[in-house]
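What follows is one chain in structure tokens, specifically the form predicted alone.
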Amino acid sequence: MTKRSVQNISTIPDEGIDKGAQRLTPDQVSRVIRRHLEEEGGARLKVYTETCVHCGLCSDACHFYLSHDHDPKFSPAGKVKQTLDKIIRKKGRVSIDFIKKTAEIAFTECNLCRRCVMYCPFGIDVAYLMLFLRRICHKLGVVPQYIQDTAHSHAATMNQMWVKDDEWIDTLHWQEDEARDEIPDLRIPLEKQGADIFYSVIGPEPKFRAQMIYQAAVIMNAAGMDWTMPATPGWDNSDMCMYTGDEEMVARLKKVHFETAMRLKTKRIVMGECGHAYRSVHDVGNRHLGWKMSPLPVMHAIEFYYELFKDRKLKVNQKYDAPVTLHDPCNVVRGGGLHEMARYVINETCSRFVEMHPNREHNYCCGAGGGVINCGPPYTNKRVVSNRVKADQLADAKARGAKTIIAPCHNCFGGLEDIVKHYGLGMEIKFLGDVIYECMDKE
């Protein structure tokens, strides 16, 4: 049974927002906003902001709105009306306090999940409008401290977690040694030229979840794949700059990532289980570089696992026994259409599958994506309380027998952990790779 109360959450102190705002003047605010509207606010912005008739059909699509007892200020249209509508109507002449509130709404009250787009009769993309606001906040220097620190780490080290070059290589050697205790001839090939697969991960894997690199190496070995990982920057495919509005840094990150894969003359990029990184590499990064398409094919882990099982390159010794349910991550399902592939892999590896309702592209967001979880501990309680509807969805799946949640995305995994703990759901959470590793034939 989930907790039904909704806390009255006031504005949360945040050093990045508060100190950034202290450095601003009203003239600077209006000047920066007007310039941004002129330089980057084209036809798309005009159509979206002028087309909305505030019909409210987007409201029931939003987990913030549903979890806050249908408070209209949390509806997608309501969030735009409180922020961007006023900015455009006043031509940037808004107060510094208004910018602070705008930053909190844009960064912590919208996961950019795009569920509302599917229910808008005009197809208005509220995620684009919130990103437009985040871009304004970035230019004004008013960004939540935790996610801005992560963007700084990207800029300084080309990875999310300030992992030094030697620490990255040491981690790969460490995981190789660990895996060789189980499989003596296993290798994690570094800097191999001409391999079929360039395997890339996100910064938290070597920092906090190194076992996922271990598992990937075992899967690659068992499937007989020709693969490699780089010994240089470019290994991290994550991209919090995409969510802070720092589009220039987005281009730098993707350029390093693509160029590293091309330097090794690999044929395709296979990514670990991360939704926002898939969105960044597969869709956003190449466009910020001015490229029509990525320079080589990009494949999410779900697609890769699907290929391995479809081609019978992996065998299952015994299926995962506990009943499982699947969380469909926004960026790889609503944004990438990989829902049926995920279900194919689950049916290959699990003995019983319980669908969440709603599911596939209609699934509710985990509440952590879109950079919201990366805004840090100040907003953890707000984030979890604002996704009571997800807790209800999980509780329903549990009532129908599900014991394990499969979440093939890092941010989803973290967000669901917080929800399960806060609402006392008592469910286990696993990555798809965890399940495959447990049940596969490793020889």
Partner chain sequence: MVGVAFTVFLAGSFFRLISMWRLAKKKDGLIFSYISIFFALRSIVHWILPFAGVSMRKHPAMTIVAFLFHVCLFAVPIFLSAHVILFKESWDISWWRLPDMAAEIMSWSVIGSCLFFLGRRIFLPEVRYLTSLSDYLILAAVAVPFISGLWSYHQWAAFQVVMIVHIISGEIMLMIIPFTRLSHMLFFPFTRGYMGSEFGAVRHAKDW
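Just so it is clear, the structure is predicted and the values come from calculations on it, not from any experiment. Numbering follows the first chain given and starts at 1.
What follows is about the form predicted together with its partner chain, which we do not show.
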Report whether the minimum heavy atom distance between A210 and its partner chain in the predicted complex is within 4.5 Å.
no
Is K46 close to its partner chain in the predicted complex, meaning a heavy atom pair under 4.5 Å apart or at it?
yes
4.5 angstroms heavy atom contact with its partner chain in the predicted complex for T404:
no
Is G56 a contact residue for its partner chain in the predicted complex, using a 4.5 Å heavy atom cut-off?
yes
Within 4.5 Å, heavy atoms only, one stretch in 176-184, 335-343, 313-321, 202-210 touches its partner chain in the predicted complex. Which?
335-343
Among the candidates W162, F353, Y119, F98, the residue which, in the predicted complex, approaches its partner chain to within 4.5 Å (heavy atoms)
Y119
Looking at D283, E259, E167, E307, which is the one with a non-hydrogen atom within 4.5 Å of its partner chain in the predicted complex?
D283
Though the partner is not shown here, which residues of 285-299 have a heavy atom within 4.5 Å of its partner chain in the predicted complex?
N286, R287, W291, K292, M293
